[in-house]
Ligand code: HEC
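Next comes just one chain, in structure tokens: the form predicted alone.
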């Protein structure tokens, strides 16, 4: 009774505070460029352009932007999501999938919802880096997809849970980090897990009102002996060889979904193979549909319409889970209903979204696995030896990609796409891996590939912000960056471009020339893209500040040296305006943890070697390769917990810190626990002697 009264009071307060609420969030509203100052979906509109028509902030006055309000976010780490704004309320998701609604004018909290991931599923928090890229809204409901695979419908006025659906088999090593996609009264979710077990990817649409499954599309075919779900899977099976289903196949679609309201089509970007190495999962070759593809589906029933495969038979962790942007482009005097994507493989694709025909594809970074894309066949021209057939080879882009999930934006005024680009390479090989007997279980990080960094592919910078002309397929301007993990972009009708960077600066550029017009040091690496909205005639610029994503987990020594270490700086949601007067509290300075010395712990070399293998397969996804943590989790070399057998067991096997996001590993034996302690201490002592 008390809970019901609380919810009723919250509803009255929200309605009273925001009596102007009138936007019906549906396909008409989300498709509209003019949303009355709102930001209704991940890319603002169904086109995913991240383009705002608001005009108050201009090139002439952008230098006057100052913080207007901020909201500290306790117990958070990796913040990568896009907030949504509806009629004066801003909604966002943070660590452990906690969702909050704030007054978008003041930052005052209206409600919060905690799905209790750490309590409900402490054993499933083993990958995904505590991430969520966002939430979705449809009419009066808000949707959150949780780390452990639930899709939850909330009343967006009160935060009350209306329904919950489990979208993933709890026995499989899958998780959700992508923002749900709402369209036509349905909500779409996918999942990750390609690297963590023999998994088979799929996307599923659920009824927005009830949470009941409407349809599911499998991305790769299953065991032919069990029959195929549809004709598309039977077609795809002809492009696989061997017993691929024993390895799952992969293709997991964890991000990159666009609904085309004009053509009534749904486009999904698909993932890489499981495992990465095609010699293992499909030993006699084959294109392996629908890996690394853009697939068009009927949004009513999930039936296959057409596809374009960016990297046939991919074997480098290339995927196409990057955002898919829609626009009408004039190409050689003809208006093309275009779809644009810059996936990991280094090419920028323009595709006719009516039928999937390739219009053009050109390199946006250094590419050494293929010389070009043949427009007639829509296939890449691979170079010799790139599949590490006989020896290791340096390939660019590497698994980080030429462009990762950080959102690109498109400005119809300038005709340019703005891409956070990466210029790095990796040395791939499989020497010592028995590709015939390779098999892995669930929750074991194993790719079937030996890899090591190959360095930057250019001398001047490992990353850049590019302005790309999608019609001419050429770069118009570029701003160099000294870190490979910079956030997504936002562009406006006043021809401004905003981006947060890994060094902690939020920057405004002239979208036409790339000239820097304004910057603000936020004191912590930024991984989330900015948004802009207006309330009562006042325009705001807002973003989440919290170093996150895979680079904050696996970035190694270079990322760790940034000093955005676990717990050192406060995570925040910050809103700027031209009339802002707030002095933000200073962040704690960058901190690089120092390994903890110990004269009492004697490292056993054999145990440390065992522990290294266990650490790489179990712990490195968050605590970093070589136990060098890059910010998303504690640096265990600097922790006293591994020094105590009892304390280590309490945390790792008994879940003492599961409420903070540390998973439980009940299946680890005493020997495995002890070997992990010896490996961690060996890494600490090695660092202390360098």
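The model shown is predicted, which means the values in this text are computed figures rather than measured ones. Numbering follows the first chain given and starts at 1.
The same protein also exists as the form predicted together with heme C; that form is not shown, yet it is the one meant from here on.
- With heme C omitted here, the record of contacts in the predicted complex names 651 to 659 of 65 to 73, 27 to 35, 50 to 58, 651 to 659, defined by a heavy atom within 4.5 Å.
- Although the partner is absent here, residue 668 sits close enough that one of its heavy atoms falls within 4.5 Å of heme C in the predicted complex.
- Interface residue remark: residue 608 is not counted as part of the site for heme C in the predicted complex, having no heavy atom within 4.5 Å.
- Contact between residue 619 and heme C in the predicted complex is found at the 4.5 Å heavy atom cutoff.
- The shortest heavy atom separation between residue 627 and heme C in the predicted complex exceeds 4.5 Å.
- In terms of contact with heme C in the predicted complex, the residue from 218, 601, 566, 518 that brings a heavy atom within 4.5 Å is 566.
- A heavy atom within 4.5 Å of heme C in the predicted complex is found for exactly one of 257, 147, 276, 138: 147.
- Contact check at 4.5 Å (heavy atoms) against heme C in the predicted complex: none of 172, 200 and 222 pass.
- In the predicted complex, the residues of 632 to 657 lying within 4.5 Å of heme C by at least one heavy atom are, in order, 632, 633, 634, 636, 639, 641, 648, 651, 652, 657.
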